[in-house]
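Only one chain is shown below, in structure tokens, and it's the form predicted alone.
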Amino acid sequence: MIDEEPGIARTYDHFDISLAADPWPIFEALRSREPVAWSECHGGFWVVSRYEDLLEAGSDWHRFSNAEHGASLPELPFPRLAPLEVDPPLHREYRRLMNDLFSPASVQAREPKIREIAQELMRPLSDMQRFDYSKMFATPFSQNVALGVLGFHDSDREELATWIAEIAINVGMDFEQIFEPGIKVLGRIGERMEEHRKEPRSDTLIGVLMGGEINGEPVGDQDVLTTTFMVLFGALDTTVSAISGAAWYLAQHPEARARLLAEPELYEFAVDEFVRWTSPSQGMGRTVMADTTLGGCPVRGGDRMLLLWASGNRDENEFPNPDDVVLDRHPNRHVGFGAGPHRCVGSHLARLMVRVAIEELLAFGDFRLAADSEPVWVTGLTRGIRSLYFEH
């Protein structure tokens, strides 16, 4: 039993596939016994698991920096990916550029197109008695929406998805395996940049960056490359996990499906609850900038730290009945999009995508988990389902 093992944080590894399907017991043990504790994996890092400590560390970039060694853990051998891996005040300049593109009004204007994409993907599933919802809907839906917002072509989807998946699988495991797909992704971004250079646009991320300024200077090509890479990597991973996780829950709880259909006003709360409950962004790296304390624990300057957002989202001191999905949970101050200045810039788009996906799934009719299949999970800094078979 986890409760009987001393020093549970010492061997904690967010890439441990054995924890992918059910990490919650070890998170609960960490919060109750070792809320800020040292892991010896990946060169050593502090594991932060309690909600209040996560808010403190996530909001205090002076003490806990994204820029010093990046937000990945272990550190990636790439240039810093702005805005995620730069700190204020420079971080604010990047967010200023991107805010209009990802504002509630801009995102809402995209809803008809996003819904059209969802309906086109769901339509052929009605003729199948058994289908992989994650692979046939959640993944291509997230990819198609995100690539359009960023400034890619529909024809880019398959290759970009393959390359991003190769990077995600090998991050933290085998750096040599991420160079080739990483170069391919950057090459494709470069091709789209050249198109935007010839025909400037302001309705895509690449276009906004190429037409923008940072501290009064035009955004350089390398910054366009790395920022697009960062947003692309996040968009093709976490939203798939949130949608698949919500669908997995709804397939097992027909009473929740019935309530959402009867009370559509609940979607405003239910989407955030599914983000909290699924917690696709499992954690994020930081670097301690000088000797300090967090949660009463002394931490040393230069140490790496993992802010375990997923654990904070199940903290019983913040969320009553944290392991339950409460469709009308309010307030819901979850950290599913992070916290502080580096909170996810695309949260409004992600919420809309999750809502549209759920609405179209419920409009599909009756469905259930396939009897002879189990979900396939992946884990790391992000965590989620990549194969999920339904029957209807």
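In case it trips you up, residue 1 is the first one in the sequence shown, and so on. No experiment lies behind these values; they were computed from the predicted model shown.
As for the form predicted together with protoporphyrin IX containing FE, it is not shown, yet the points below apply to it.
Visitor: Only one of 252-260, 224-232, 132-140, 191-199 gets a heavy atom within 4.5 Å of protoporphyrin IX containing FE in the predicted bound form; which is it?
Guide: Looking at the partner contacts, the answer comes out as 224-232.
Visitor: Considering F78, F319, W277, F102, which brings a non-hydrogen atom within 4.5 Å of protoporphyrin IX containing FE in the predicted bound form?
Guide: Contact residue from the list: F102.
Visitor: Note which of H91, R157, R304, R314 lies within 4.5 Å of protoporphyrin IX containing FE in the predicted bound form, where distance is taken over heavy atoms; exactly one does.
Guide: Only one listed residue qualifies here, and that residue is H91.
Visitor: Would all three of Y12, W38 and R50 be in contact with protoporphyrin IX containing FE in the predicted bound form, where contact means some heavy atom lies within 4.5 Å?
Guide: Not a single residue of the candidate spot has a heavy atom within 4.5 Å of protoporphyrin IX containing FE in the predicted bound form.
Visitor: Against protoporphyrin IX containing FE in the predicted bound form, would L327 count as a contact residue? Criterion: heavy atoms within 4.5 Å.
Guide: Contact with protoporphyrin IX containing FE, no.
Visitor: Indicate whether protoporphyrin IX containing FE has at least one heavy atom within 4.5 Å of a heavy atom of A118 in the predicted bound form.
Guide: No, A118 sits far enough from protoporphyrin IX containing FE in the predicted bound form that none of its heavy atoms falls within 4.5 Å.
Visitor: Are any of the heavy atoms in C344 no more than 4.5 Å from a heavy atom of protoporphyrin IX containing FE in the predicted bound form?
Guide: C344: yes, in contact with protoporphyrin IX containing FE in the predicted bound form.
Visitor: Classify F337 as contacting or not contacting protoporphyrin IX containing FE in the predicted bound form by the rule of any non-hydrogen atom within 4.5 angstroms, answering yes or no.
Guide: Although protoporphyrin IX containing FE is absent here, F337 would touch it in the predicted bound form, with heavy atoms inside 4.5 Å.
Visitor: Give, in sequence order, every residue of 289-322 that has a heavy atom within 4.5 Å of protoporphyrin IX containing FE in the predicted bound form, or say none if there are no such residues.
Guide: Residue within 4.5 Å: W309, and no other.
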